[in-house]
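Just one chain follows, in the form predicted on its own, and it is written as structure tokens.
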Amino acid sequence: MKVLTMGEVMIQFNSTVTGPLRHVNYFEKHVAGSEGNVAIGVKRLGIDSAVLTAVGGDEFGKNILMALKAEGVDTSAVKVDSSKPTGIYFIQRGFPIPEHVDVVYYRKDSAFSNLSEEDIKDEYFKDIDLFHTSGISLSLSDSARKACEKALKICTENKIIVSFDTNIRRKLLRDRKEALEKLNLFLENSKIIFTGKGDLEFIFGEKIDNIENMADEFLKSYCKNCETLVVKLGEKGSIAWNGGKWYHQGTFKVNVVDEVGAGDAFDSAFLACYLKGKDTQTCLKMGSVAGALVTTTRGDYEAFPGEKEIQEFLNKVQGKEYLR
């Protein structure tokens, strides 16, 4: 089995202390970005993966290529654009909201945002079983969105499973109308859809009282070909709809250092289990473990677990999920 992900892989500068960035002098440098994280995550869980992205011909781009190759991710679909920079972003920790992070991006006119339909080659999809992207990739620029849509067309023609995470970024999408316009094609044509409580509230423009009722409405209104819908609920766990039935999963209590990347870890573990033929409840549990573990350290993918680590974790905490 092989997964192809498509999205921007960036360099993250993660503050080592709390407080506003203007007073921070020390940062850790990490390779990060949603779809790159998923590619690394599924690879660590025994599923071959590749990334379709673009990086600058700069030292940061070289850093990204080096990191992906070190993880065993296929980089043959990575474009190196020497005329554009690699995207970067900064993590501001514990300010203005204690125990939470804020993300400050510097990705305008980056190499990936300039990706076009002409950069999407049929050969990239040879022997691919599942394609995964997110709302971030569709929101960065018109050319990147059209490139993603061409990838979707190729997947449809070749009967490749499409997985999509709504991953709505308020800094990229102004309102629900714009979000639906940009996400709609993937919502209509994806077999597996990941979303979150915040994304659903943004799409419907209202607070959620009953998450299952809202998710049912989401499926009925926008996700015509979806077979599995997963709703991530943060510390309250996750739910999944499959085969006309809802499944529920609690969270695992860990010492949270950095929540960035948790959703990507969840996606990667869920997808790896799905491709191995595991049942929906097991997929949810593995996703929950991966999402919990990645929050225990700074960086996006560093604490993504392999199968051995997941089993070691479950052997210690089995039956101790925190259903909230």
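One-based numbering along the sequence shown. Quick caveat, the model's predicted, so the values are computed rather than measured.
FYI, the form predicted in complex with a small molecule isn't displayed, but the following is about it.
Comment: 26-34 is the region of 39-47, 26-34, 268-276, 59-67 lying near the small molecule in the predicted bound form, near meaning a non-hydrogen atom within 4.5 Å. Taking the partner from the other structure, the small molecule in the predicted bound form has a heavy atom within 4.5 Å of a heavy atom of Gly261. The small molecule in the predicted bound form is not approached by Trp246, whose heavy atoms all lie more than 4.5 angstroms from it. The small molecule is not shown here, and in the predicted bound form it never comes within 4.5 Å of any heavy atom of Leu233. Contact annotation for Arg169: at least one heavy atom lies within 4.5 Å of the small molecule in the predicted bound form.
The single contact residue among Arg107, Lys182, Arg93, Lys84, judged by any heavy atom lying within 4.5 Å of the small molecule in the predicted bound form, is Arg107. The listed set Val101, Ala215, Ile136, Val162 contains one residue whose heavy atoms approach the small molecule in the predicted bound form to within 4.5 Å, identified as Ile136.
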